[in-house]
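Taking the form predicted alone, here's one chain by itself in structure tokens.
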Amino acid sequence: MSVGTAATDSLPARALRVIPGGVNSGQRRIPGLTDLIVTGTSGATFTDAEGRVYTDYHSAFGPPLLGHNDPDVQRAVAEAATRLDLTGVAVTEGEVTLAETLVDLVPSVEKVLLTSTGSEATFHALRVARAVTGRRLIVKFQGCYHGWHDAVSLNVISSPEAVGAPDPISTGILPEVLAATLVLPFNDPAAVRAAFAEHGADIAAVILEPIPHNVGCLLPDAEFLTTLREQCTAHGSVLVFDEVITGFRHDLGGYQKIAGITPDLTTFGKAIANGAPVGALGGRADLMEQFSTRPGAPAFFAGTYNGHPWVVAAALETLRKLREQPVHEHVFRLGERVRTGLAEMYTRLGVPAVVTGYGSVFVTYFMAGGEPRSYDDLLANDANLFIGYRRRLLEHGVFELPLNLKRSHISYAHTDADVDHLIAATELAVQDAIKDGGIDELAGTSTMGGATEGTAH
């Protein structure tokens, strides 16, 4: 069917006619920003259709660690495109070099396969865990997000009444699939031990974000991570670290290197290629050899775009720069400046707030008390103020995603001057949001929990 457009139609109106909701991902249509059109990206900024330039701390949920349109990455992709595109057969030198690099960098990785997204990587990790163990159950943790597939599409950003019970983020999931996933509280070693005591013989895998960045930043206790490793080893379960966010952004060896805990499988994405669409799954050789990329192996693995030469080139150049340039030193220093400066500002204003994060990631929770350790702690966050000040930041040329609990990111392209402006703009935005009473429009501002049947209309 043809779709007519009037010359005066706005781009968002045209999008609504041909794209459900007008966007291609569930958290891109933001209340209050439905007319936003992005026309350009560069370094630490993006530009909208009105020519307004924003310093970008959302950073596409984190991939551009080097900054938008990094010139070295762009050149590497362009050069690769002069020689290769997709053939869908055999292997290229770049794929081999990237796999060798990941094996060299990440403690858990003995062999690796490439995907196009992080969701695909976590899907395959759980599939092979079930294939190898012959078991049914998966363990995940409240507040952790591992992609769109059914086994893990539950209990991310849940309302208080939904915590402690299955809380799917989508309808259309078979009840028996949800029932095969056990949801435990993060940072609770006793809950982990209890789950294994009751279900250990049927737990195929435990999957977690070592830092649950999908709800901002919950830092893991050493005992919690140690307990996961010990229990998985004792019961023959597969420990999966979802490092799609933490991998390469926090360390070239992933957060597992920082924590000193080696999982059996690890998934990657986002910062691995500075925004190019590539993911990876790596881990113990005996597990990775169970994929059908080895003829006769039982766990099917395929993907037309896996190992596409252009995204492989982006990943190789990104990792080269992370190894050779002081990227982590720079973003960690600025991240610490942001967290310290914001904490001092909130204290001066007398605003109850907890500023936390890790490395280049920062987030402010508007609540009293100490650093949060679990999702339950985050239920005290003032979501109206959280979203409200971020809406007001736009007036100062600063963009942090105005959705509850979402983290913000520093890139290699951000500067000390950017940090100074961020802190000053945040002070003004918070004061204005408090005067306005925050934002009382929370319905629909998150698509990460509370899905119920019968919502179609």
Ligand code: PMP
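From 1 onward, residues are counted along the sequence shown. As the structure is a prediction and not an experimental result, all values here were calculated from the model.
Below: the form predicted together with this ligand, not depicted.
Across the proposed site, 235, 238 and 264 without exception lack any heavy atom within 4.5 Å of this ligand in the predicted complex. At a distance threshold of 4.5 angstroms between non-hydrogen atoms, residue 124 is out of contact with this ligand in the predicted complex.
In the predicted complex, this ligand sits beyond 4.5 Å of every heavy atom of residue 356. When contacts are judged by a 4.5 Å heavy atom cut-off, residue 245 counts as touching this ligand in the predicted complex.
Using a 4.5 angstroms limit between non-hydrogen atoms, residue 118 touches this ligand in the predicted complex. Proximity to this ligand in the predicted complex, defined as a heavy atom within 4.5 Å, singles out one entry of 365, 255, 362, 145, which is 145. Screening 308, 250, 270, 140 for any heavy atom within 4.5 Å of this ligand in the predicted complex leaves a single hit, 270. The stretch from 208-216, 292-300, 124-132, 227-235 that comes within 4.5 Å of this ligand in the predicted complex, counting heavy atoms only, is 208-216.
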